[in-house]
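In structure tokens, the next block holds one chain alone, the form predicted alone.
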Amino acid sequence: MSSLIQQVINGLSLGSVYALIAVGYSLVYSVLLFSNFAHGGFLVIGGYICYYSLLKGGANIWVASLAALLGAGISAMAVERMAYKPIRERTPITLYMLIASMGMSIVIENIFVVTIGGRFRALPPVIPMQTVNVFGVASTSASDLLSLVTAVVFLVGLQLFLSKTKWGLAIRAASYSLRTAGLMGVNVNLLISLVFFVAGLLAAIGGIFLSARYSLYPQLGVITTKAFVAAVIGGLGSLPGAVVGSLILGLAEMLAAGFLSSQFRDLIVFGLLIITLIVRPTGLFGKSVGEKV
């Protein structure tokens, strides 16, 4: 029983990090109806900004994390302005932006490879890693609990932003019809930049915790593939779906690793994806939509 509880806690922790990333995917998809595969690059940008702020800048973890969040968010806005805005202004076909996002993912990854190298780096020990006893029945890492709590705080904050603020209302309106939102007086370009900023910010949080859990390297962003799978399982464009899908995926991975073998993790993840696409292509909370104009 203690082993089961421990794996559940680890699964919720990993799933919460996936959720931060998957929500970014779903947020962009809900407005522009395309999957931003450059999203993993923002995770890497946030991780490296945090790393160099701690190591070279002498900053504490709070300042380094804030710099990482802002840097990744601004980078996401810059990518949208340089790569996606010219395309969406010329054509309503989102496939072209999807292709551009794949290119931007490779560009960001290789910028880090050619400038600072591809070797693995470990974050300084600023995030607690000691073992924590949970109610006397299981033990887990303090970093896992911290990542879970942090993810919950930011996801609740995002929900409050979307439900209680004027810009949150504008984003929700744009998720139904971007053109209608523009006709109602919403600055569409600013709204899209804000969506990318929020998505990049959330990805940076995931980048910090994943860098602490594993290590930091230019290809770390490939882990966002699993977050994308979680978003598909939950339903692309649905923020609650992204969270639920991420928790399901995190639990499935940790339970498979704990009771079967770590070699089954990817098999189960992509097996769940295939089953979802066969049984319910729109995901658990998704709905079928056409091109948004």
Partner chain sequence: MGDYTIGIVTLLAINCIAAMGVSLFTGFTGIFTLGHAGYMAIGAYTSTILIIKLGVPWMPAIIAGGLAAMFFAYLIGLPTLKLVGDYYTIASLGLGEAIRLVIENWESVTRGARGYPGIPHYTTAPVAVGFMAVLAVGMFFLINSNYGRAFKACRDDYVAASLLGFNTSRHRVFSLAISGFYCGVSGSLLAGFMSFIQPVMFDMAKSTELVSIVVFGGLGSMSGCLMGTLILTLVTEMFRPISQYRMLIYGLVLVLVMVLRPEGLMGANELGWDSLKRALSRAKALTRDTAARFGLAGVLIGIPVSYCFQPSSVRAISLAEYLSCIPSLMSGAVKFGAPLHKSVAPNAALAVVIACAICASFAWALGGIIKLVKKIDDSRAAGRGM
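Positions refer to the first chain, counted from 1. All of these numbers come straight from a predicted model, not from anything done at the bench.
We do not show the form predicted together with its partner chain, though everything after this point is about it.
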Checklist entry - Is there a non-hydrogen atom of L273 within 4.5 angstroms of a non-hydrogen atom of its partner chain in the predicted complex? => result yes
Item to check | Distance check, S139 to its partner chain in the predicted complex, heavy atom within 4.5 Å | outcome: no
Checklist entry - Could you tell me if V232 has a non-hydrogen atom within 4.5 Å of its partner chain in the predicted complex? => result yes
Item to check | Non-hydrogen atom contact R179 with its partner chain in the predicted complex at 4.5 angstroms | outcome: no
Next on the checklist: If the cut-off is 4.5 angstroms on heavy atoms, which of these, L169, V149, L183, V114, is the one near its partner chain in the predicted complex?
Outcome noted: V114
Checklist entry - Looking at P86, P92, G118, P124, which is the one with a non-hydrogen atom within 4.5 Å of its partner chain in the predicted complex? => result P86
Next on the checklist: Each of I99, F228 and Q263 having a non-hydrogen atom within 4.5 Å of its partner chain in the predicted complex: is that the case here?
Outcome noted: yes
Item to check | Location of its partner chain contact in the predicted complex, chosen stretch of 51 to 59, 65 to 73, 244 to 252, 25 to 33 [non-hydrogen atom, 4.5 Å] | outcome: 25 to 33
